[in-house]
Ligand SMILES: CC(C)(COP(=O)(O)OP(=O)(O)OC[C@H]1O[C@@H](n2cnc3c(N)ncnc32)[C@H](O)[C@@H]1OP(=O)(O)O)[C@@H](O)C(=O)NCCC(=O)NCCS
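This document starts with one chain, in the form predicted alone, laid out as structure tokens.
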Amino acid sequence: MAEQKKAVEEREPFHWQTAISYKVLDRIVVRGYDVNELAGNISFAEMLYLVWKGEIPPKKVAQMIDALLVIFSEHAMSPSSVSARFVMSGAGYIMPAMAGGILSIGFTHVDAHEAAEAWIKIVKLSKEKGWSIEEGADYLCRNIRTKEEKDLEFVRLFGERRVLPGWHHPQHIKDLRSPRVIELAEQFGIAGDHVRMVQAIEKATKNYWGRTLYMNIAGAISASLVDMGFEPVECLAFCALSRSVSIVAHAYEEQKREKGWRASSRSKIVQPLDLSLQKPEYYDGPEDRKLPEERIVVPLTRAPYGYTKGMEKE
């Protein structure tokens, strides 16, 4: 017992262990740099890379990061902006609205992490097999599209995948932003195997879908981020960080311009929570029913403001 007590007493007191930063009374140090020295001397894109990856990036990488932050920062009414507006409509202040917008980002809206994982796996497999980029792209498309038994190695790596991650857009068909991302990746010299792979996949889709399917912005961004050394989880976080610009703007506009609840019948347009959109004919659940007599302990005898049929108005 005495030895156990001594061992416990000799343990270090709890402290956070991190390689990112530390702070004392008169200094805040990030990855070895004084934050005051960084301020005014590096860009936000460079700071992002420094905090996430540990070093100040080369100029071209910083330019590419900045371009990606810009191109993904706003996309009009999308799940994230609309979610932020609805949360603001109910909660009435900015932090829940920001959280609501960010929480809408995942596998359906912005699947950058899933796309990044796929590009990493197919590039790695192509190198192991001695395939060209084009052969790897063909293998991926063929196995995703096939309705027959898939290649066992494909299933091991990708599961029973039937859709391309980072592909297609429900509104644009051809995502207007993807070609610009690829162009900039090539101009800034950061395009590597993963950027080349998504371009090859785009060409290969026609062989298996009968028409060209186009990469969406998440597919293009994830390929360029992976070529810059970012991990899949960082790719999704990057998109959420960029889209936060939009989320704040939409939430704030909602607060300033619209009435809460989005249900006002006096608005010049029909609101999404208006009672006219919630008529009985739009309901397809069970028909109206009553509780069995034996379940009624406290009968309903007072009409709620005279709205209930069959009861006397007060």
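Residue positions are given as counts along the sequence shown, with the first one as 1. Fair warning: this is a prediction, and the values are worked out from it, not measured in the lab.
FYI, the form predicted in complex with the ligand isn't displayed, but the following is about it.
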May I ask you to check whether residue 93 falls inside a 4.5 Å heavy atom distance of the ligand in the predicted complex?
no
Even though the partner isn't displayed, in the predicted complex is residue 136 close enough to the ligand, meaning a heavy atom within 4.5 Å?
no
With the partner left out here, check for me: in the predicted complex, does some heavy atom of residue 110 sit within 4.5 Å of the ligand?
yes
Could you confirm whether residue 216 comes within 4.5 Å of the ligand in the predicted complex, counting heavy atoms only?
yes
Stretch in contact in the predicted complex with the ligand, which is absent here, among 80 to 88, 187 to 195, 157 to 165, 222 to 230 (heavy atoms within 4.5 Å)
157 to 165
Option touching the ligand, based on a heavy atom within 4.5 Å in the predicted complex, out of 142, 150, 124, 169:
169
